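Read the single chain below, which is given as structure tokens and is the form predicted on its own.
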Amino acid sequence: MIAAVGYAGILVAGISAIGLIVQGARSFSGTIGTDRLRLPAWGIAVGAIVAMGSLELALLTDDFSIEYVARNHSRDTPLVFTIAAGWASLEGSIVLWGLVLSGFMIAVLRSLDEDDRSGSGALAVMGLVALFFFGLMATAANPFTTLDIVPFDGSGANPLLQNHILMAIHPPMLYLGYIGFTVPFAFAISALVAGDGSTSWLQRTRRWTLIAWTFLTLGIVLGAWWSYEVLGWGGYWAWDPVENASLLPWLTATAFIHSSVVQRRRGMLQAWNMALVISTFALTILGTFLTRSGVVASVHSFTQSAIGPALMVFLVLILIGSFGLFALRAHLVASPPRLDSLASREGLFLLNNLLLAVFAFVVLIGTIYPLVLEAFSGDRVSVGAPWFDRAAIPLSLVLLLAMGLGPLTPYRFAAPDLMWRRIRGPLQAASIVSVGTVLAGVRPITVVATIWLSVFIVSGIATLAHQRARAAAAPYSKALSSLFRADPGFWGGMVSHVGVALLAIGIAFSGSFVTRQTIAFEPGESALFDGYTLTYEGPTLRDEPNRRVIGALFTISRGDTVLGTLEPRLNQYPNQVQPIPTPSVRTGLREDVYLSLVRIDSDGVTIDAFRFPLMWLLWSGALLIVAGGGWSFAGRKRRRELSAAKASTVV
């Protein structure tokens, strides 16, 4: 019964998507009004809700007659991971994709005016995307396939996906980011079809882009944190192909957010913005393909299935269709560049965009080259972290420089004397801190350069805020608060820039000064590790509802001071031969001490011990980037509400 209802929801959503395409095209042509779009759009939403609700109900009621439930759930799976199993595997993740997409559709529908050609065209495009994904659910990725012989219990979820609470949060955040970029893509295609060269589509999609970018950033951060806290290898980013797949649309979307400012302010880069939006959406589909096709060996990827070729065909159609339309209509939406001088904020935005585009291209080549080579020659090669690092480090340093100069540089032309007055203080602060760092014993040039650039960014933003607050007529504290509220888009971006600076320092220190040691202990034995004393107190063993936990209890101390205990462990799941290692981490302001189990038996234990300096800067900086995006969006929404209220009062 549940399977039939869920599949019916998929069919309703698919049929409604066809209706939205037809009605959206008719509304775009002016034949009907936008009110005729409500029924098909809500049909998609209701169908998606029914499908996702049915899948969750089947999981919660242990309905093992459904193959998906039997493969990804068991009776002893904890509640939170039972719910997360709804999107933890191939078919369920596509259902969640459809549900999130339908939510964005309803939000766009509610923003339409009575005769809104641009919005109608955008919904028609979103209907095409919805038709593809609900078509997948109805065919190759059907989550409601039933079994002839119903087992008493299921296999349970992938142990890696139920080993930490972050795996219940990380994928939905990524989906909100990935799918959110459908909105600016749809409006861009609508503008191309209409030959609309104005900034209307850009203005309408600004907040949707910020929402998608913020959620994608949060998804990447949570994924890195999960890798650090769960996998036990001591890192947070391995340049895994699927990690790269999430980074690629983030890079192009970041470029778009910056270049859209130039288009709105100066009327430049229209064609470039169209290309960035199309590329961002195409890269989200590429990421979906890499994750769900099984073409890469990754902790993120699902098994090989028929969905891979379907996604590849869809990606090719998007690239050919979108860029083909762009080539035919670009002359209608582009305007000649009006760059007065490279020494201007526009020039720095352009540099920022070129660097981000090159960065994305490098990551794309390193990610897909092994796949293409294997497809055509059968040879297997891997592009590892050293290759990516050699390209990423210099590009990142130049990006930091552009980020520091951008807010201090005026539009049109930056006179040398004006620029010197603006950058003199930040230059002095950065130089003083960098010299102090060198005197403290820090030697790698890349670390010193990162510190210099990061301090330059933060002090430049602080100087800018201080100068503007002092120039205001109001008292300083009130002027500073009003300043941040008056332009949340700009200052939200500055908060994200500060986050990037902190993140860069955290990456530089944790990567350059990490220490690692493999240590064997007998019960009661102590060993020195980089200024700490680790004492092995003995093994631990406990049974939890879905696993057996085998741990090793350590006391950590510095000198005569006991700092606490750490318990790295191995989690043994019923359906997994090899146990899943889970590290134990002690986080401090100076450094993280990170212990991961290698071996444990009655005779003793072997661990990998790591020390990562200033890791808190990495995580706090990453979350500050997310906060900046959220502030920018929330502040813009508040400004629109206040403006609307003021206008209604005037009327």
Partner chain sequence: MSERLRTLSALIVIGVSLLISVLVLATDSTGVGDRVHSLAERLKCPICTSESVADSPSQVARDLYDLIGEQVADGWTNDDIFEFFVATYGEEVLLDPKASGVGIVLWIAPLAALAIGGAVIAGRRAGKHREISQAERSRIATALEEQG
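It should be emphasised that the depicted structure is a prediction, and the values quoted were computed from it without experimental measurement. Residue numbers count along the first chain shown, from 1.
From this point on, the text means the form predicted in complex with its partner chain, which you will not see here.
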For the chain shown here without its partner, which stretch in 176-184, 375-383, 474-482, 128-136 has non-hydrogen atoms within 4.5 angstroms of its partner chain in the predicted bound form? 375-383
In the predicted bound form, do 269, 432 and 445 all put a heavy atom within 4.5 Å of its partner chain? yes
With the cut-off set at 4.5 Å between non-hydrogen atoms, does residue 608 touch its partner chain in the predicted bound form? yes
Using heavy atoms and a 4.5 Å limit, would one call residue 598 a contact residue for its partner chain in the predicted bound form? yes
Just checking whether residue 240 would be counted as a contact of its partner chain in the predicted bound form - the rule being heavy atoms within 4.5 angstroms. yes
Applying a 4.5 Å heavy atom distance criterion, does residue 498 contact its partner chain in the predicted bound form? no
Go through 516, 264, 558, 75 and name the one with a heavy atom inside 4.5 Å of its partner chain in the predicted bound form. 516
Please pick, from 111, 428, 200, 575, the one residue with any non-hydrogen atom lying within 4.5 angstroms of its partner chain in the predicted bound form. 428
Neighbours of its partner chain in the predicted bound form among 411-431 [non-hydrogen atom within 4.5 angstroms]: 413, 415, 417, 418, 420, 421, 422, 424, 427, 428, 431
